[in-house]
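Form predicted on its own, single chain, as structure tokens, below.
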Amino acid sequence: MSGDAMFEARELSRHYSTGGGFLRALDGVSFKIFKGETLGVVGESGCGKTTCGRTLIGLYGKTGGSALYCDADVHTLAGEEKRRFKKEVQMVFQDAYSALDPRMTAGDIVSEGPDIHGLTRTRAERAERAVRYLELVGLGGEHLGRYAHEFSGGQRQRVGIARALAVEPQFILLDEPISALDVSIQAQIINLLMDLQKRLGLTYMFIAHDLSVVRLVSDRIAVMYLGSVVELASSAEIYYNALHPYTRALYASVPIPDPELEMRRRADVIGDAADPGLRPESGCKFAPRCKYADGVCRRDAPPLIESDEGHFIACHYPIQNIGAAPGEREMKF
């Protein structure tokens, strides 16, 4: 995509101290998020998706690199700039129940942000604004006085979305916003988020472990593995022309109602998720699970390079595809 980036990560890192050293939860990732788009971030549990998002918006401190919002370093903002940033950048959490204060009503939860940022002056304005944003997410004024435990899971997530919207943000970090919901409710929340983006001109970073969901909502997709981005491209390019064996494996893990195609896709299955604390000391992090890895892969870590316009990959031997859907392609080097 062209244009100025709203967010940019430059070699952004976040390490945690452990008993025997450091856990590199985020290990020098670089990418951009452009205004009006949805960047999907996908990978197995423990790959660093949530750490990436929270470090990008400053909820977690960084170990190295930089996170820029409209060219300003997120981790050094102060004063009025920091106040503006906190208004323009919001987050919707995975577990809406734990993210909502059980002692506050839905009206108070949605109104808290506008109160802090001085967006309402009277009680009437406060109530009117809360109702307006609850209605925007499919609830209404009758929900103003209810507490978190009085809502269903989907309704609680709608309250969380209304809370984020109530301060009129430019960017929302969506951290697995549907994974804790019933399957019957997930599609409703996805459709709501996509509709709100169109109506309000929002920019999203959508974190999930299900590549099929991410493909549906995202303009571009970053595939993460053990703290690093291993592939980054448009949603269509990732689906029809995935070049990294790990991306192929993620697609192979999504069940499809076609027994014959399912059997052919098993060649890409790689087994249990990797232990973040047992990553190789050198070479490609995916090499221990990759059937195509050789001595070069185990010795030298591949850099993230642009193989085609807008398609970035970190792999010594990217898979060349022939344009069919995942699971129907031949592997050719």
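Not measured: the values here are computed from a predicted model. Note that residue numbering follows the sequence shown and begins at 1.
There is another form of this protein, the form predicted in complex with a small molecule, and it is not shown here; the text below is about that form.
K.L.:
Is there a heavy atom of Gly48 no more than 4.5 Å from a heavy atom of the small molecule in the predicted bound form?
P.N.:
Although the small molecule is absent here, Gly48 would touch it in the predicted bound form, with heavy atoms inside 4.5 Å.
K.L.:
In the predicted bound form, is there a heavy atom of the small molecule that lies within 4.5 Å of any heavy atom of Glu44, even though the partner is absent here?
P.N.:
It does: once the small molecule is placed as it appears in the predicted bound form, Glu44 has a heavy atom within 4.5 Å of it.
K.L.:
Can you tell me if Leu12 lies within 4.5 angstroms of the small molecule in the predicted bound form, counting non-hydrogen atoms only?
P.N.:
The answer is no: Leu12 has no heavy atom within 4.5 Å of the small molecule.
K.L.:
Even though the small molecule is not shown here, does Arg289 get within 4.5 Å of it in the predicted bound form, heavy atoms only?
P.N.:
Taking the distances in the predicted bound form, the answer for Arg289 is no, it never comes within 4.5 Å of the small molecule.
K.L.:
So which of Asp108, Glu176, Glu237, Asp219 gets a non-hydrogen atom within 4.5 Å of the small molecule in the predicted bound form?
P.N.:
Selected residue: Glu176.
K.L.:
Could you work out which of Lys62, Lys35, Arg279, Lys32 is the residue within 4.5 angstroms of the small molecule in the predicted bound form, going by heavy atoms?
P.N.:
Of the candidates Lys62, Lys35, Arg279, Lys32, Arg279 is the one lying within 4.5 Å of the small molecule in the predicted bound form.
K.L.:
48-56, 281-289, 297-305, 66-74: which one contacts the small molecule in the predicted bound form at 4.5 Å, heavy atom to heavy atom?
P.N.:
Of the options, only 48-56 has residues within 4.5 Å of the partner.
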